[in-house]
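For reference, the chain that follows is the form predicted alone, supplied as structure tokens.
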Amino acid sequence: MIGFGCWTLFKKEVWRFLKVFVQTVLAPAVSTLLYLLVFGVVFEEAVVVYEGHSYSSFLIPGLVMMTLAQNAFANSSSSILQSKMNGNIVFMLLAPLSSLEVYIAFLGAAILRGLITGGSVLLIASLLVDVEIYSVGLILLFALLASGVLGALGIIAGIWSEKYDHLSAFQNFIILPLTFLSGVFFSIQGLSPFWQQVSAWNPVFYLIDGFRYGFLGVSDVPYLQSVWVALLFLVMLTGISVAILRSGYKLRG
């Protein structure tokens, strides 16, 4: 049962990242746009990934999704770890909130931050180059799925981490490789068979590939396959997150 407490925690999490808007939204958007300016200028005429589409048109969805995913993860993971480090996690544990309500509040805030940062990148990019739109519905669907998957993973990472070094290691050795090696800058069809198989086990690849299909109408794998893979991971991570929250693992110590 979702109640007023869940809504209050959600608003608190949203207010937390909006208070430092320049750091949490504007800075990631500007940093990502640097990739567009550099790679777009260098490879615009030299590289054609999909026939009939410029390299910038190919690159923009990947950059938007990369920003969205990384910030959704950062929001939930940093918030939980910060609460643990400051000792105020106890107030959340004492409140009459179920594990599901806590999960929904943190996940909702992570999704919102992901959508805001991703939307900021898309908005600014549209002022620089022509952005193609094939299906708004699919774009929104994959944006929600991606921010949900990475937000749930962020909850797990935040609970597991005992200090900022642990969270930094999680980001540098898991999140960054998953996002950078998922087809943001290239199509996996240009890789060797071995690396294509490796990419097929990367869940972020399906998020980016399906998201890009919403813009260009073309992708490396069928978009319905990407939808099912994303849903599978979201359900799996939701189950793990709620179970960990219910158990109090590394929260009640």
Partner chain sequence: MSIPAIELHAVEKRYATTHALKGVSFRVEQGEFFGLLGPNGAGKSTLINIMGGLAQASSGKVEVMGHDVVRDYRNSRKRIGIVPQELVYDPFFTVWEMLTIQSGYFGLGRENHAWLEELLDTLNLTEKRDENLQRLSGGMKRRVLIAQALVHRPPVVVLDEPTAGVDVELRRALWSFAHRLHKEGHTILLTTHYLEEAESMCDRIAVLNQGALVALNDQQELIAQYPHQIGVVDQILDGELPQLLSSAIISRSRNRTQIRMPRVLDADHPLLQQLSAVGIQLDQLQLRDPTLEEVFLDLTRSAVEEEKR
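Positions refer to the first chain, counted from 1. Bear in mind that the values here come from a model prediction, so they are computed numbers and not experimental data.
Just so it is clear, the following notes concern the form predicted together with its partner chain, a form of the same protein that is not shown.
Residues within 4.5 angstroms of its partner chain in the model of the complex, judged by any non-hydrogen atom, belong to 89-97 and to none of the other stretches in 89-97, 127-135, 110-118, 143-151. Its partner chain is not drawn, but in the model of the complex it has a heavy atom within 4.5 Å of Leu9. In the model of the complex, its partner chain sits beyond 4.5 Å of every heavy atom of Leu231. At a distance threshold of 4.5 angstroms between non-hydrogen atoms, Gln82 is in contact with its partner chain in the model of the complex. In the model of the complex, at least one heavy atom of Val20 sits within 4.5 Å of its partner chain. Looking at its partner chain in the model of the complex, residues Trp15, Arg246 and Leu251 each place a heavy atom within 4.5 Å of it.
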